[in-house]
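Shown next as structure tokens: one chain only, the form predicted alone.
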Amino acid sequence: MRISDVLRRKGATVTTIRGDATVAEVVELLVVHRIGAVVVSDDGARVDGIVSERDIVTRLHGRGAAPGEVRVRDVMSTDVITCGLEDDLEALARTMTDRRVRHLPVIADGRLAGIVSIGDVVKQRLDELQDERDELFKYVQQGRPAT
């Protein structure tokens, strides 16, 4: 299974925000879209960073600044791990687990093409396992002698 299969099922919509936006604006996007991370992109195509709920909490803790006063560029992660459309889902799951990241922007032809979350990966894998189970069940049912 490839990342392109995941995006085909979930869609390729990516919520982005500019680096000069405020943390309050990011929080609004997270709440409205019910997502856990936003790609930071000043042009909507390039990945400048990513800001997650964890980034906000970790970097604002103890600062004493209000979310409306802090810029996204000051809290975003800039060492962004990305993936491509042809990347293998199992390998991606391992990367996400090993690197402890929950969201990976998808890059195609040098441009932002989607985003995959650990939830998307788990859902895809569960769907695959259910399909395999159903096929095995059909096989076993068809192989039984009539009584």
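When you see a residue number, it is the position in the sequence shown, counting from 1. None of the values given here were measured: they were computed from a predicted structure.
The following text describes the form predicted together with another copy of the chain, which does not appear among the structures shown.
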### Message
Within 4.5 angstroms, counting heavy atoms, which one of the listed stretches 105 to 113, 75 to 83, 38 to 46, 91 to 99 is next to another copy of the chain in the predicted bound form?
### Response
91 to 99
### Query
Just to confirm, Lys138 within 4.5 Å of another copy of the chain in the predicted bound form by heavy atoms?
no
### Task
Find out whether any non-hydrogen atom of Arg125 is located within 4.5 angstroms of another copy of the chain in the predicted bound form, and reply yes or no.
yes
### Message
Can you work out whether Ala12 and another copy of the chain are in contact in the predicted bound form, taking contact to mean some heavy atom pair no more than 4.5 Å apart?
### Response
no
### Contact test in the predicted bound form: Glu53 vs another copy of the chain, heavy atoms, 4.5 Å
yes
## Note on the structure
Contacts from 25 to 48 to another copy of the chain in the predicted bound form (any heavy atom within 4.5 Å), listed N to C, are Val27, Leu30, Val31, Arg34, Ile35, Gly36
